[in-house]
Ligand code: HEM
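Here we start with a single chain on its own, the form predicted alone, put down as structure tokens.
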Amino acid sequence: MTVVTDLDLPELDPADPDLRGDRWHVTANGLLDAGCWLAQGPLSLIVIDREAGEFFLRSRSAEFPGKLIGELFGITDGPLHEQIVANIINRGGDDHRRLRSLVNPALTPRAANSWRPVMRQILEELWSELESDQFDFVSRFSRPYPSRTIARVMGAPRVDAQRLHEWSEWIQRQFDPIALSDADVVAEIQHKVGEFYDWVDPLIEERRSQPADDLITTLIRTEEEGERLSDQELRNLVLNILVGGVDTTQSQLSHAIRLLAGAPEQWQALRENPDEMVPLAVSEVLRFEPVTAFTARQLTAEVSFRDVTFPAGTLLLVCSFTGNRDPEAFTDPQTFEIRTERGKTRPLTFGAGIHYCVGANLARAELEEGLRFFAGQIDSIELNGLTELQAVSGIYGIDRMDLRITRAVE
């Protein structure tokens, strides 16, 4: 049996700030073309192929290394440390199963679908504010849309949507090694977590005495075999949903429009048959350009896979981008094509196993409503100059994307 440290592996640095756009595609696809299933990063191994990725994501001997990451970057106290310790993704065993059973009913497909009218209303409001057919899609739509949606889902005043967006963007950076290497950034994340706690605690207290039609009330009422959520569990679950449901949806919607702007025939197919094509388009965008390019795991015990021994403590990054290009799982995987039936294999974008993204149903509903709305309003769409892509080390987002559109004739 070969120990993984004895393998001669190609190198890949996920924290390279220049890994974005075409360079990212060429680099990642180059590893696939070379037949690599593992690569070596500065701090971890990178899992390239889908089968290996699913194996480690589902392994009971692997856990999300949030606490380790915190320790590596000196986060040993303060609000951010509390959030890391309490985060459901950093909990395992019976503790994780209990939290998951309590939060799942609030985020089922049916629960997510109940918020679709709210999503459509928000999109209509944003569209009514559009004065020109040339605009930055990120600032006009993909940034405010998920933050206003999550504000409504939480039962927060609309005026707080911008604050929720800011908190999400900052707190999400706890998963970005480039960001964590800057002490000032870490200090600001600490501050933002503290601000969120100060904001959400009174709202939780209010909902205990004044229930409403919102997520916090649903979580308060949730009970499983006599178990309920404590205030600390509630505040952190709400924070997890915020962090996982704003910046990610914003980024995925931006990439969806970017990809479809470059594929006018697919855009027209979407417009002509939205009922059939919108769900397919969302699935294809999630597969082709996942905004969570890497998902971390640390082994808690020695693991053997493909005649290779991985020692306990090994840090792994599962690459969803390359995993979503497995030719045995997806037809013609290197091509972006919403009109191709990809089969029933689920992309790795939302992860796999017990830590599969709890907010996946809500995110998918938001993306579907977004594409459905724009397909009804926009006849043609094209990139209009500046598109500022972020690096793939954290959430692979877009800072700015200038568009030129032709509105649909009413």
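Note that the coordinates shown come from a computational prediction; the quantities given were computed from them, not determined experimentally. When you see a residue number, it is the position in the sequence shown, counting from 1.
Although not depicted, the form predicted in complex with this ligand is the subject of the following passage.
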If we test each of S283, Q298, Q190, N240 for a heavy atom within 4.5 Å of this ligand in the predicted complex, the one that passes is N240
Interface check vs this ligand in the predicted complex: of L32, L45, C357, I69, the one with a heavy atom inside 4.5 Å is C357
Partner contact for T248 in the predicted complex: this ligand, 4.5 angstroms, heavy atom: yes
Determine whether any heavy atom of L362 comes within 4.5 Å of a heavy atom of this ligand in the predicted complex, and answer yes or no. yes
Please tell me whether any heavy atom belonging to I150 falls inside 4.5 Å of a heavy atom of this ligand, as the geometry stands in the predicted complex. yes
is_contact(H96, this ligand) in the predicted complex, heavy atom dist at most 4.5 Å: yes
Quick check: do I88, G244 and V291 each get a heavy atom within 4.5 Å of this ligand in the predicted complex? yes
Of these, 343-351, 22-30, 36-44, 369-377, which stretch puts a heavy atom within 4.5 angstroms of this ligand in the predicted complex? 343-351
